[in-house]
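Taking the form predicted alone, here's one chain by itself in structure tokens.
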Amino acid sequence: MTIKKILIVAGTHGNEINPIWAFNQLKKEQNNFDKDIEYKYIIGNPLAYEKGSRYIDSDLNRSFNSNNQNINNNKNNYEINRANFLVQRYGINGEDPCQIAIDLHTTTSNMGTSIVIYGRRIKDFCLASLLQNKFGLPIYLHEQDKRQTGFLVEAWPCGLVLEIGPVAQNYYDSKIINRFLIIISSLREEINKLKNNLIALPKTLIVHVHQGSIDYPRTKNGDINGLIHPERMNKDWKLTKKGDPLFLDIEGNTLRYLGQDIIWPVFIGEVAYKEKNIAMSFTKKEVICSSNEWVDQFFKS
């Protein structure tokens, strides 16, 4: 694809405020980068940001389903209307089309700095491999989960989520902000190098592929009856095998992982996911071999 404009979105969740501070700072440095590519900066959910809440009516980052415009019941849903506006304005066929979307998020989980991609799009692999090669970032490949759909970056032909944590909601952290500044500035440099044949892709891309999510232990009434086990808390991206502890219930019993496969949990104890009945998600590691076709496809429409 001919890359003329790249959309940088922050505040998709209104209580994730560090990305907004970071992109306001980045906007001031706009002229220091490639003049051939214009970077658009937008607050994804301005009303939720103003109110300090994750969303108003529903999760904006689950609102980019293609059939939203045809559902009359959603006509008063702020986030669905906002999602439709963003696609109509900045989508590939929009009024001000952008070819790539980068969605900036923070998490309360101990995820460090990581990348999230949705599905196996070659353009996404190309972009993610550049960042993984430069910074060694883990990549969460989210796919085949009917419970979670409608993510923002899926509405563009190429898009990544940059996820950084841990940090509390509505809390500024200068270290988190600085990480965003470093990664986004580097991403702009890497795209420029790729466009001018000044960089080669790494031979492989290592991803953690989504296998499913599990809820907290609950009573028959639906009340949470167990906490993340102390040996599991803050252990995102750490290998977990059969018999390893996952939860500690209210009677002090340890609930263990009983699966046969080795897994790597992520988003452990994420505060925002409690309402989605998710205590953590399981992943498996996969190595993907890169190809020169990735670069060819990246710059083709």
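Just count from 1 along the sequence shown to find any residue number. If you're wondering where the values come from, they're calculated on a predicted model, not measured in any experiment.
Only in words, not in the display: the form predicted together with a further copy of the same chain, which the text now covers.
Trainee: Tell me, out of Leu227, Leu187, Ala155, Ile122, which residue has a non-hydrogen atom within 4.5 angstroms of a further copy of the same chain in the predicted complex.
Mentor: Selected option: Leu227.
Trainee: So a further copy of the same chain isn't shown here. In the predicted complex, which residue out of Leu47, Leu255, Ile250, Leu239 has a non-hydrogen atom within 4.5 Å of it?
Mentor: Spelling it out, the residue with a heavy atom inside the cut-off is Ile250.
Trainee: Given a 4.5 Å cut-off on heavy atoms, tell me which of 271-279, 36-44, 255-263, 56-64 is the interface stretch with a further copy of the same chain in the predicted complex.
Mentor: Checking each option against the 4.5 Å cut-off leaves 271-279.
Trainee: Taking Asn24, Lys28 and Met233 as a possible spot, do all three reach a further copy of the same chain in the predicted complex with a heavy atom inside 4.5 Å?
Mentor: Judged in the predicted complex, Asn24, Lys28 and Met233 all sit within 4.5 Å of a further copy of the same chain.
Trainee: For Asn170, is any heavy atom within 4.5 Å of a further copy of the same chain in the predicted complex, or not?
Mentor: Contact check for Asn170: yes, within 4.5 Å of a further copy of the same chain in the predicted complex.
Trainee: Is Ile177 a contact residue for a further copy of the same chain in the predicted complex, using a 4.5 Å heavy atom cut-off?
Mentor: It does: once a further copy of the same chain is placed as it appears in the predicted complex, Ile177 has a heavy atom within 4.5 Å of it.
Trainee: Counting only non-hydrogen atoms and a 4.5 angstroms cut-off, does Asn133 reach a further copy of the same chain in the predicted complex?
Mentor: So Asn133 does not count as contacting a further copy of the same chain.
Trainee: Quick check on Thr108: any heavy atom within 4.5 Å of a further copy of the same chain in the predicted complex?
Mentor: Close contact exists here: in the predicted complex, Thr108 approaches a further copy of the same chain to within 4.5 Å, heavy atoms only.
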